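To begin, one chain is listed below as structure tokens, in the form predicted alone.
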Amino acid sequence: MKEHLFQWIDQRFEIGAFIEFLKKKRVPHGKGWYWYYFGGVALFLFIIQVVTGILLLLYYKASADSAFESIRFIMSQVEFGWLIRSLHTWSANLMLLAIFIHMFSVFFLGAYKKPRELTWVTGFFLLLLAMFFGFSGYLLPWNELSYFATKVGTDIIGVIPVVGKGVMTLLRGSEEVTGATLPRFYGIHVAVLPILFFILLSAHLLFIQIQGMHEPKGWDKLSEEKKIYIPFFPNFILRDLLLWLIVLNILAFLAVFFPWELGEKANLFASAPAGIKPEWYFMFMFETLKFIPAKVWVIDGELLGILAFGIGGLVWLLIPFIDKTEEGTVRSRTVKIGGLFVVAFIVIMTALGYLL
């Protein structure tokens, strides 16, 4: 019966060819092999985001009058509602951490170079979308902290030359963050961003499957006898699943023992709480803007900081087209030193943001 069922499906969808492809697909196993798995971890956490997000949508109400109360109802009245919300929030933070680790590991392994330029580009935009996911979802509980954090964040967007004011007004729905802002962020969070993310993620995964995993440094200099490969299916998949299980346990521990608090409901007429700070993945930018003087010559300091981050992001996006040298050359080592500086800058500024 099993064979007949497989033949019936295979005649219609030709899955036999796909199974043969999986059996023949191999993954290079060399120096730095463990970094390969962080992309899969990010994918797993995104799946958790989707599942928990759908469950939260069953009870959430996207209006300024009822958003806070609906979240409180989820946390206090819905069975395991507090756990679902905590899983959703913690998985969002861990997903961004996994994406950052994956991006920097790809950079330092040189896996962004030809022919994987478009894999890097799609990955870069996936990171931006993931950060915007966090930014748009942060407002949805409509509590005091999320309201003022959104106000500060959109104020910064408004500083961008030419398009800033228009984008800020489009996001807010008016000149200020009001009750009209919440449904806009909700629509962006549950409709616009998931569609864009799914399209880019599909392209990203397709590129990886077509081109295969990046070979470790010095792989081309090894003889065929010394090159070690492991089958993608089932060996690599089983290792991926084992790591997913470990991550799930870490996520469950954080969600249970460090549940996400709801705080106080947003009051549009209250003053901003003292020491308000963004989420950790925006902290390095926020802290940098604080260190820049109000005026640098004739340029507004905040504008200068935003322009600097914009130029830096563009360089990071185009790094595969800038660094076309072979690994080990002076220019390639210089690019890697630049990457170390970026990592150190992000870590130090983030730490200062929480310590100061």
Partner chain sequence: MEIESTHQRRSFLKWLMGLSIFGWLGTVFYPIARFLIPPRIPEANISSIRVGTAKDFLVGTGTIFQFGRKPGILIRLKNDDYKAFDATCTHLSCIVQYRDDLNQIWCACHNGRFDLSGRNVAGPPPRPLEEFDVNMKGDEVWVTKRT
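Please read these numbers as outputs of a predicted model, since none were measured by experiment. Residue numbers count along the first chain shown, from 1.
Another form exists, predicted together with its partner chain; not displayed. Remarks below refer to it.
Highlighted residues 69, 72 and 77: every one comes within 4.5 Å of its partner chain in the model of the complex, counting any heavy atom. Put simply, residue 27 is far from its partner chain in the model of the complex: not one heavy atom of it is within 4.5 Å. For the chain shown alone, residue 59 is a contact residue for its partner chain in the model of the complex, at least one non-hydrogen atom being within 4.5 angstroms. Its partner chain is not shown here, but in the model of the complex it comes within 4.5 Å of a heavy atom of residue 84. Remark: residue 317 does not count among the residues lining its partner chain in the model of the complex, judged by a heavy atom distance of 4.5 Å or less. Residues placing heavy atoms within 4.5 Å of its partner chain in the model of the complex fall in a single listed stretch, namely 240-248, out of 145-153, 240-248, 119-127, 276-284. In terms of contact with its partner chain in the model of the complex, the residue from 307, 43, 292, 51 that brings a heavy atom within 4.5 Å is 51.
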